[in-house]
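This document opens with one chain alone, in structure tokens, the form predicted on its own.
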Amino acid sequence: MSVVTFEHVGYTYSAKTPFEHEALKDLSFTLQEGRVTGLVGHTGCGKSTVAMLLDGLERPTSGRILIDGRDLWEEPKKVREIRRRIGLVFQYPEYQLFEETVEKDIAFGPRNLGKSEDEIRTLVHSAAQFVGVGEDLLKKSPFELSGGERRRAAIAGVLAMDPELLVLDEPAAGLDPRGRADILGGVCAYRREKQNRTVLLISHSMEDMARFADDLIVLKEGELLFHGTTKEVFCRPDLVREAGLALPQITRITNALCDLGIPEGITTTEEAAIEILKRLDS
């Protein structure tokens, strides 16, 4: 899956009823292979609708979604085949666990894809390792785990299917900073090892985006406000405010130090420390 493209996509809920709502309006963007793209915007801007459209759970009201240059809905009977190449993690995926052990739950997806038992074992252990599910947890019931452990197990179940496109809708919602770092760091490790895999990370946390996203798509009320690298977006505080978001704290601090020669758009404390030390040493 080299490229995924939205071409002038629109989507309307409850069309031609009193409850009609236009969730997406003339939305166009491209997800580049091998990159983590963040999708951000205020609550209700259409982020989760994008996820459902990408997975073929809903059909665009207008426009096209192209995968490998072909319209996802060109042959409706084949949408399910394409969906097998896409891994979708909804918010709070831990509520979807059901098997008697964590290992069986992670293995459920690849087994349904017809993988051999040897392949399944390899995929299960690899996926568990990515998100920090230790060997000691694999034989336990999912319902014996903590909330964060269940979340990691659920995400491992999607990674074990080895999707070409991984779509995560608020995967770290409700977790403490350590849990967020474990899950999102694991997802990025997965993408680095599987270099031709593409990740769409949906979140309202600009701190997470600063740390883990290569590119950002900014939505406002269902429309594309900006699409560029993370640094390009963070160099536009006016744009971030227009989207109803806030820059990460470290970006706000370093932007205020521009008069001292600190560059705009710094996204991490590590980067800020390097730039500040340069000025202290000069």
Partner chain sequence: MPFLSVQDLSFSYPAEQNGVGVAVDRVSFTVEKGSFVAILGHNGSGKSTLAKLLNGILIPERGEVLVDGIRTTDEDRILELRRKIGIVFQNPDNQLVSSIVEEDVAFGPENVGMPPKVIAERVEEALNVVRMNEYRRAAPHTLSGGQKQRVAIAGVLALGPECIVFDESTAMLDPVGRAEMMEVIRRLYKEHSITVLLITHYMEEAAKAERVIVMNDGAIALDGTPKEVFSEVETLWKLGLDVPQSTELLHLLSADERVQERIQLPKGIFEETEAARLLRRLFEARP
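In this text the structure is predicted, and so the values were computed from the model without any measurement. Residue numbers count along the first chain shown, from 1.
Below, we turn to the form predicted in complex with its partner chain, even though it does not appear here.
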How about G185: is it within 4.5 Å of its partner chain in the model of the complex, going by heavy atoms?
no
Using a 4.5 angstroms cut-off on non-hydrogen atoms, would G244 count as touching its partner chain in the model of the complex?
yes
So in the model of the complex, is its partner chain close enough to L175 to count as touching (4.5 Å, heavy atoms)?
yes
How about Q32 - does it come within 4.5 Å of its partner chain in the model of the complex, if we only consider non-hydrogen atoms?
no
With the distance limit set at 4.5 angstroms and only heavy atoms considered, check whether V131, K139 and A153 all reach its partner chain in the model of the complex.
no
Only one of these stretches, 251 to 259, 60 to 68, 23 to 31, 214 to 222, has heavy atoms within 4.5 Å of its partner chain in the model of the complex; which one is it?
251 to 259
Using a 4.5 Å cut-off on heavy atoms, which residues of 255 to 279 contact its partner chain in the model of the complex?
A256, L257, D259, L260, I262, T269, E270, A272, A273, I276, L277, R279
